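One chain comes next, on its own, written as structure tokens: the form predicted alone.
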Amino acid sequence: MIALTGKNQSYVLVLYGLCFPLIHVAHAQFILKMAAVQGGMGDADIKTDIKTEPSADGFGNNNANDGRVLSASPGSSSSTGSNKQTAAVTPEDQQTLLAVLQFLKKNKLSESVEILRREAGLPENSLDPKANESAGAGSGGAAGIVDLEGGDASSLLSRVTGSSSAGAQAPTKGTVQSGCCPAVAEDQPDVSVVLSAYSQQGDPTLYKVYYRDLKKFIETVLDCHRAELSQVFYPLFVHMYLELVYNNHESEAKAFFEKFSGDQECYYEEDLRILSGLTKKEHMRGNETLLDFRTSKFVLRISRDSYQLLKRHLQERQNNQIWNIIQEHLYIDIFDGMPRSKSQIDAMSGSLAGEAKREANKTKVYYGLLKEPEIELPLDDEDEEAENEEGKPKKKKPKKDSVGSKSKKQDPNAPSQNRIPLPELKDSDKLDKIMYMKEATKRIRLGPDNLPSVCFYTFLNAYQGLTAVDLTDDSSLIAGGFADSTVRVWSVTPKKLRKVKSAADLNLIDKESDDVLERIMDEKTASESKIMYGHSGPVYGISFSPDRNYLLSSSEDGTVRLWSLLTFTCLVAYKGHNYPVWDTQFSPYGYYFVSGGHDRVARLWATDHYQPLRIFSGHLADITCTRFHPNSNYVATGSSDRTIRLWDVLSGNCVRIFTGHKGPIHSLAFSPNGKFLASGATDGRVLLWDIGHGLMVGELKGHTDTIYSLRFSRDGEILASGSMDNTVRLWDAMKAFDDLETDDFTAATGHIHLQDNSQELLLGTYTTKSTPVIHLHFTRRNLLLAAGAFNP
């Protein structure tokens, strides 16, 4: 990261200045170490003499509730009292700081120079050669200034990095020369820096002893602590194995893997399979999964009592190897209270980087719905006459339930109407709103005793080529994306698909006539389906706009295309992703849309901008599914890293991280009231999340294969799930959410006890003959539509 060449080097150093406002001697030495690595000493053993920040505990965890600071060595006693930095700067440290100041000044990083100088308490003239010469003479001859353009730079870098390593040969290509690019190390610079920590290793034959000793200790502690402490096994196992591989101890690494890989949790099986293929140092370079695991600290949530047990054991045993790994690569999120049970831990575990930090889910989320525009619902004359003839009272609008529909009053948990700019309603949108409200009056109220009918659309002769399906909100059109790079649209009503007439013919139309919208359509082009060509790879995601005028499609070719459903042609190809785009979806209000793909980032777009408005970065693997919140202020993304993230459209920040799935996530659905989120994955489980509290609140088990589709009914009473196991299952969503006692959510522990009541919540299972279910849709009257391709 820091060891980039040329101009980029200056940029990264600025980032360090921004990220570490409290710069002190440890950071100064770190910068010089990175410079040494860049200069070609990436493979040298760099012995670190400062392991912890004064503001962190012994495991590198910023724990506000723990005032103690664990010392850098397991055998030494813990420091107590304030976390403030009070250490005096020694002449040797001052020399190091001045060297770094010169290095930053040489690269024209004046802002970083000022930050470092102020925090180190150095005078303003500290960089003046004359002042430093006099200061150096007055301090016993300590070198006051280091000229990085001469030979002193090499000696200083050697002193900071490798001189304390006994028996190590002095590097021959670690000098820094003025005006020259640094020598290219054996590794690529970024990979070299990322992996260089693995060179700090001990006796390879003792790795099994260290791990076995810790395993024996954890197995003998009280049952209430055993489950929590067992969480350290997997990340320790991975990092110890990688250290052995990186330092070319192939036989020891193989023996270590064979002995302890079987002890890991079953939900890490796929990760261990990938890890088993990394048997040589060369395999580690360029491995994205490995680099992610190495650079992102594995998060463990442990009670204070269990944490103290682990800390005491490591101090008594002076187990430096495990100590260093925990300190470098783990983040232990400590909470006060009773230790969690095995079932509670298993429910939240399984992601690539452990659990989410509690702080990550404390941001305020405005999950309420926006106030609906005031549109009067006219009563049809036919309906009024029919009611009068039969002598029945006029129909009353059905009572709006708590989960289901959109409120007329402003929700206190809703964002302000103008928090993000939304498109204004056109006349056609208002007409559609009126149609929606009319349909809502005829909506069937669903429940355990009144399940929906299911209509299944089967794609025949697709030969496993159907990759995506979507239906319009009014259920009049269905579209499919195919592996042959085509997008196909069908009309599911008697009304056929027609194109707009040519420009010459449009000039002949009376634009003042009442049926002008019908007259502009060319009857000669009427057909039940249309095929649209443009992509150069399989189409993986598809989404209709709310007004049914546009269709989005995302493809392996790295583009998202916007199609007109009036001309059935491609209007725009949005280029921003460098790899396949797995999913895309329109905002509920149109105009905005989101896309996510193999490059691990989601992008927010507007239809009239060819560049993305926001880039949501944070996932450690492919983003496989995307979904807009009903109020359009938030975007949810599911990933192959087994986490779900909720992003704020306004700020671009991640405001929620949900962990618990044991496989890549392929489906997301928000409840109609915006308060809850459902997710489905390859593990066959549906997990329910409370967005406001940032907690998992339910688990629905029953599917035996990947869940590719989730959808709440229009009133929010029922959740439907569709899977590759050829079934559609209906769940009692109201019961799942009503049973929650939200007052019992404790901020201190950040977890609740999940009930194993999947069978009670399962209302029905509908099985197809041989058709995986890849899409579900509730009509405005609560009829359930399902779609998939027949798999003979």
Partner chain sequence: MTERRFAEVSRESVRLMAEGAGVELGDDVAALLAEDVCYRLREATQSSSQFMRHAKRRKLTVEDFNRALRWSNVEAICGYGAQDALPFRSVKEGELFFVEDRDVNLVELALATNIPKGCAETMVRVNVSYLDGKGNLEPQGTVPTAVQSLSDDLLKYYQQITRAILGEDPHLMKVALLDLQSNSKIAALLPYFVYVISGVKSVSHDLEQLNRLMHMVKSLVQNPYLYLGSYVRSLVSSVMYCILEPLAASINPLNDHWTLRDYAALLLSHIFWTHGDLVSGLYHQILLSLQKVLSDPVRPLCSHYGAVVGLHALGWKAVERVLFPHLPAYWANLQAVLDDYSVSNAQVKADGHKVYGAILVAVERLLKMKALSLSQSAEGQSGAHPGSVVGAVSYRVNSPGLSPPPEPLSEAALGIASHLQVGGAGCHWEEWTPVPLPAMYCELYSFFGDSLAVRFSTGTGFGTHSPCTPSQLGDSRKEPPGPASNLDTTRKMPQLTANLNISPRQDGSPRTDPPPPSLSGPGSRSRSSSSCSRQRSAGLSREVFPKARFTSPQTTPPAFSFLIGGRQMGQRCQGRRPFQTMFATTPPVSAIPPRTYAHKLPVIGRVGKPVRRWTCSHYSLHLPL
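Positions refer to the first chain, counted from 1. Keep in mind it's a predicted model, so treat the numbers as computed, not measured.
Absent from the display: the form predicted together with its partner chain. The rest refers to it.
Annotated contacts: S453, F482 and Y766 all touch its partner chain in the predicted bound form [non-hydrogen atom within 4.5 angstroms]. Proximity to its partner chain in the predicted bound form, taken as heavy atoms within 4.5 Å, picks out 274 to 282 from the listed stretches 711 to 719, 426 to 434, 274 to 282, 668 to 676. Think of it this way: in the predicted bound form, its partner chain has a heavy atom of just one of F217, Y268, Y589, Y457 within 4.5 Å, and the residue is Y457. Shown without its partner, this chain lists D622, D547, D411, E252 as candidates; in the predicted bound form, only D622 has a non-hydrogen atom within 4.5 angstroms of its partner chain. For the chain shown alone, M724 is a contact residue for its partner chain in the predicted bound form, at least one non-hydrogen atom being within 4.5 angstroms.
Put simply, R488 is close to its partner chain in the predicted bound form: some heavy atom of it is within 4.5 Å. Remark: L291 does not count among the residues lining its partner chain in the predicted bound form, judged by a heavy atom distance of 4.5 Å or less. At the 4.5 Å threshold, heavy atoms of Y463 reach its partner chain in the predicted bound form.
In the predicted bound form, T682, D705, Y708 are the residues of 680 to 708 with at least one heavy atom within 4.5 Å of its partner chain, listed from first to last.
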